[in-house]
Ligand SMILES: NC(=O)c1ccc[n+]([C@@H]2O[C@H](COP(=O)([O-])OP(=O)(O)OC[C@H]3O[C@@H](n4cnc5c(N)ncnc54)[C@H](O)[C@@H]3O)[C@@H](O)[C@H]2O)c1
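First comes one chain, alone, set out as structure tokens in the form predicted on its own.
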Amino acid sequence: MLKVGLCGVGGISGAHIPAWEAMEDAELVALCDVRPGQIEKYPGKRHYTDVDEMLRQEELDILDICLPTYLHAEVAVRAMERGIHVLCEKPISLRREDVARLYGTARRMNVRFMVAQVLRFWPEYVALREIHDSGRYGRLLSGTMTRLGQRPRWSWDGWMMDEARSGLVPFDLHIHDLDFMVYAFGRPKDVDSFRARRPEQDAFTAVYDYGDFYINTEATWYAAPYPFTAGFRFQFERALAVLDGTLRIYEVGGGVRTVEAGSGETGGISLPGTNAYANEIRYFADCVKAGRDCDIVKPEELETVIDILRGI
């Protein structure tokens, strides 16, 4: 039974905690947050307000880091130096050099480390990558990826709206789509970006040139209370793949395939009925148990993403 501790009981922990709780071979034994009220709603766990105290008191196999971005690297290193495997929320850091530091610490301590870049485990995005790699609808011609919502007023101490601590929209929101592009299609040849940034909002658009195709992206924290939306449209020679809540394949010639999660095979495309956060956590736990590296998320790809974001 894997003993798990989680630090940072904020927004994203609401996806991680149920995933750990549903696993039969792992037990979430301890939670840590500087705000006691955040952990009081989880009785039956040991509660801490200091992560170092939790690391000293608990005999953990895994630490799940859901802290603000600027705290990721230091806490991950401290845990791994105690021989604890670490799953860390994205982004790994705002600094490229932290990638080598964290993966180097994992190798030195013989522990597993993974950044939770969740789109790599999201069924519809996994299906998109398979469509591209298989060539079932011909060559990719163009793509559009969007990730839009309102500014995160709810973040603790306003850290998400502080560029030095979060990197704002490029590092906190757009990074999802860019990370998936690097994972699925490799490093783009060139990028043109545009930004409308004010104290109360941050709007970002970038066009990535891959030579044979391009991908247009948009990510925004609006000052207005716009509901969160995310999706994609990818144009292949013989079909258009669209995610707008549901994955649909519009085939040249008139056919439309709706691909539902848990529905099994649909025209050769299958979506599992599990959610992406459970998928990534299950994968990480399996890597820990098997003593193998978490190769779905590679350090060189994380460095590429940071390089691109730093250059735009």
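Note that residue numbering follows the sequence shown and begins at 1. All values derive from a computational prediction rather than experimental measurement.
The form predicted together with this ligand is left out here; the points below concern that form.
- Every member of the trio V9, D33 and W156 reaches this ligand in the model of the complex with some non-hydrogen atom inside 4.5 Å.
- The contact residue chosen from A241, A76, L140, M160 relative to this ligand in the model of the complex is M160, the criterion being a non-hydrogen atom within 4.5 angstroms.
- Contact with this ligand in the model of the complex, judged by any heavy atom within 4.5 Å, is made by just one of L60, I249, L67, A26: L67.
- Note on the interface: of 208-216, 125-133, 89-97, 194-202, the segment with non-hydrogen atoms within 4.5 angstroms of this ligand in the model of the complex is 89-97.
- Residue contact check for V51: one or more of its heavy atoms lie within 4.5 Å of this ligand in the model of the complex.
- Contact annotation for D179: none of its heavy atoms lies within 4.5 Å of this ligand in the model of the complex.
- Among heavy atoms of A184, none comes within 4.5 Å of this ligand in the model of the complex.
- Taking non-hydrogen atoms only, L71 approaches this ligand to within 4.5 angstroms in the model of the complex.
- In the model of the complex, not one residue of 296-312 has a heavy atom within 4.5 Å of this ligand.
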